[in-house]
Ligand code: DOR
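Read the single chain below, which is given as C-alpha cells and is the form predicted alone.
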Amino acid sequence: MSATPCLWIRNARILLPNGEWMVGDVQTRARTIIQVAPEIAAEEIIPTAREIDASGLTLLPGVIDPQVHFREPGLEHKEDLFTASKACARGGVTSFLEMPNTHPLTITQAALDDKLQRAAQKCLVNYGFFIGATPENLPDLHTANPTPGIKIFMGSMHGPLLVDDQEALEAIFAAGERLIAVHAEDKTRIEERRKIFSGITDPAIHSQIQDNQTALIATKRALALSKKYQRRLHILHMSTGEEAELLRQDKPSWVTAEVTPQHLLLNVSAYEKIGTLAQMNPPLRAPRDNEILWQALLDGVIDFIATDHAPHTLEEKAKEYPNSPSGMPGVETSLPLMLTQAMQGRCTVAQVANWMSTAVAKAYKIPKKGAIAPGFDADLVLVDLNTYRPVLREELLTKCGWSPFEGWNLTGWPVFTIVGGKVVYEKGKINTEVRGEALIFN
C-alpha cells in the first residue's frame, strides 16, 4: 500500500477564515488540513510529508465552480470529464457542479449514477451533478442523490429540459425542499424577437434578441414562485442590471444569485473583436450592466461567481449566426481574471476567495470546503500574484482549445493546485493519477 499523502506547505501567505492574512505553514494528512500556524515546529512535521516552499505565493481555498457544462456523456468532441478536470486543475478549480444538458439528459437516477461512475474514473478534481427538471420527471427530482439541486431551463433550451409552462413550474416549486437553480430567460419573448430580427447574421444581434427584458421577465417569474412556496432558489449567471436591481429591492433570505467573469468583464463590444466566440446564453450586455453587476457583487446582492464553462469547437463556432452555438469555456481563466481585478483595486483577494469558494460551499451546504483551517478538506491553490502572463491558446487544456480572454495579461495564475491533499497541478504539469471525490450536500 502507498503511504498516506502528507504535505507541509511553508512560508505561504495564507488567507484565514476570518479574512485576515498570515504568513505561515499548513500541514495536511490524507485529505484533511491538520495544522495552520505561523511556523510548524520540525518535530511536528510528519516525516513522510512532502515539503512545498511557498515563499512569495498566496494560499487560497480551492475554487468551487458551481456551474459548468462538461459535455460528457454524448458530446465528448467538445469536452469530456478528463479534459475538463485537467483544465480545472490548471485554473485552481478543485470542485465543480455540472449541468444536466448532456446526451442522455441527467433527468433520472440512472443517468446521475452513470455520470458519477464516469467522474470517479476520470475526474482529477471533486464533482457534483445537477438533476434536470422536465415537465414529466417530478418523482426523480425528489429522490435523485447525491445532487446539489434541480436545474430548470426556463428558456434557451429545446426538448424535454425546457420548462416554461406555468403549471409545470408550479408543480416543481410546490413539492419538496431541494434547491432549484434556474436559467432565467423567457422563451416566449426570445421566439418573438427571433422573428423580428430574422435574417441578420451579425452575432451582435444575439444580445438584442435575448435582451435584458428576456432575462428580467424570467427572473421575476422564478422569484414569484420561490416566494409563493418559500422555496430555495438560486439564479444562475445573472447578466443584467435590471435583475440585480430587482434583487436589491426584493431578495428573500433563501434566494441566492451568481455572476460569471464574462458578464463582469466583457460586454457587447466583444462581438467586434471575437465574433461568435462572444456568443453565450444569456448574452453579453452593455457596459452599464457590467458596472451594476459589479456593484451588486460587492454589496452582497449577488452571492458568488460561476464560469458557466460551456465549450464548443472552433469549427462549430465558425458557423454563421444564428447557426453558431452559444457558450464559452472558463474554468482555466476565472481565478486569474478575478485576482487580476483584485490587484487592480476593484475588489480584494479575500473577496475573490469568498465569491469563488467559501460562499459557494455555504450556499450548496458542501461540508469541509471553502476555508483553510484544521478539519477542512485539503483542497487548496497556491497562486502567484507577482507575475503577469497572457492567456495563450496553445497553453489551454480545455479540449475546445480557445478562450474569449485570449491575449489578456493576467496575474494570480495557479502554481500548485491541491485536491484532497494531493498535488494535481504543479508549475505547468498535470498529475493525471489524482482523482477527486463525489461532493456531499448536507
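Because the structure is a prediction, the values reported are computed rather than measured. Residue numbers here begin at 1 and follow the sequence given.
Another form, the form predicted in complex with this ligand, is not on view; read the next lines as being about it.
Enquirer: Just to confirm, Arg31 within 4.5 Å of this ligand in the model of the complex by heavy atoms?
Expert: No, no contact at 4.5 Å.
Enquirer: Is there a non-hydrogen atom of Phe153 within 4.5 angstroms of a non-hydrogen atom of this ligand in the model of the complex?
Expert: Phe153 belongs to the contact set for this ligand.
Enquirer: Is Gly327 close enough to touch this ligand in the model of the complex, meaning at least one heavy atom pair within 4.5 Å?
Expert: Yes.
Enquirer: Do Lys399 and this ligand share at least one heavy atom pair within 4.5 Å in the model of the complex?
Expert: Although this ligand is absent here, Lys399 would stay clear of it in the model of the complex, with no heavy atoms inside 4.5 Å.
Enquirer: Looking at Thr134, Asn212, Asn101, Thr256 here, can you tell me which has any non-hydrogen atom within 4.5 angstroms of this ligand in the model of the complex?
Expert: Going through each option in turn, the one that passes is Asn101.
Enquirer: Taking this ligand in the model of the complex as the reference, which of Thr340, Thr276, Thr358, Asn281 has a non-hydrogen atom within 4.5 Å?
Expert: The option sitting close enough to the partner is Asn281.
Enquirer: Just one stretch in 348 to 356, 305 to 313, 116 to 124, 218 to 226 has heavy atoms within 4.5 Å of this ligand in the model of the complex, so which one is it?
Expert: Contact criterion met by 305 to 313 only.
Enquirer: Heavy atoms within 4.5 Å of this ligand in the model of the complex is the criterion; list the residues of 180 to 212 that meet it.
Expert: Residue within 4.5 Å: His183 only.
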